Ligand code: CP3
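So this first bit is one chain, no partners, the form predicted alone, shown in structure tokens.
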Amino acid sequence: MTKPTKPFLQALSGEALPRPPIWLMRQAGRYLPEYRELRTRAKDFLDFCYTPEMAVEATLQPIRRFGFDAAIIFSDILVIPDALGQPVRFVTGEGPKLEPIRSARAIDQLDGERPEAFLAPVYAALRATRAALPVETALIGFAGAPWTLAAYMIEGAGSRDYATARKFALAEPAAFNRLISILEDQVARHLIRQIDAGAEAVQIFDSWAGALPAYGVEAWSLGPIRRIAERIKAERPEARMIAFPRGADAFMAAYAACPAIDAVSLGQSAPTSAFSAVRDAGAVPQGNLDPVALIQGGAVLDREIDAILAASAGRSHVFNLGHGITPETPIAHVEHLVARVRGKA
């Protein structure tokens, strides 16, 4: 395997750098005025995601402004249900809306042959972004994890605890496991296509892993993510794999112990002591600055940055937030964050 030279990929390979590389989840977003202006040109959010020129521009904006060590392609985890034939729409102030899937018949009507052509604009955006990035900047692709996608597909929207999806999983185990199996295959395919289009690392977002009971984490989050990672490593061994099982703090070492997973992203609820547990299990920790501390700035922000840096001194680490950057985040605070992580503030 060729030794990587980009800082982000070096860190994912387990190399300890003088300063950790940094990127932020949702780094292309509404906190940027240039993003808000660009967003007005699209008729809706998914039109934005499916228009390669706009997706490329959104991906590059934070790289131009902050010089992050990695760019993550501008897209959304719900493009997979949309591509399978379950239409997705985004309602301002409410979030995503889907026609709920509540039966084995509805699951069987999903079209597994549709996504490759349907998601071609995403892969076109990746190719164009890779060509436009600075040579030192890595490109990240991503997808939602099977459980998180299934939760949205069954609930039909976001939820506080995804109880409807969990009840369906217990009441209709054959149908639910069929859905998980379909999504496992489609997520793996989507990530492989992104790698072929230029992504050097891919992240699996299990945004609602924390809503699962312990048995659910094992069966519906950890198992599918492990199998997806193993498939990708078998087919595209140079690609780097990051798992983000948000909220499943008690299981972080179990995710890290999967040989095909290179890094585990930690939410802000995980203590910095969890970094060592992730490393000891065999993966690189990513995270986990509180997005609210980034909003607050000042001494609070410096304290949290320094605690993460201290916990990672001399060890491999990727600096990131514990979740996505929020629209009210001051740009000056992001500039300060990048400078401080790089020892310039």
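Numbering starts at 1 and follows the sequence shown. Note that this is a predicted model, so its numbers are computed, not measured.
Keep in mind that the form predicted together with the named molecule is not shown, yet the notes after this line are about it.
For the options Ser207, Thr137, Thr272, Gln86, the one in contact with the named molecule in the model of the complex, meaning a heavy atom within 4.5 Å, is Ser207.
Residue in contact with the named molecule in the model of the complex (any heavy atom within 4.5 Å), chosen from Gly216, Pro121, Pro100, Pro96: Pro96.
Using a 4.5 Å cutoff between non-hydrogen atoms, Arg26 counts as a contact of the named molecule in the model of the complex. In the model of the complex, the named molecule lies farther than 4.5 Å from every heavy atom of Trp220. In the model of the complex, the named molecule lies farther than 4.5 Å from every heavy atom of Leu212. Contact annotation for Phe142: at least one heavy atom lies within 4.5 Å of the named molecule in the model of the complex.
Only one of 124 to 132, 183 to 191, 76 to 84, 103 to 111 places residue heavy atoms within 4.5 angstroms of the named molecule in the model of the complex, namely 76 to 84. Interface residues of 148 to 175, taken as those with a heavy atom within 4.5 Å of the named molecule in the model of the complex (partner not displayed), are limited to Tyr152.
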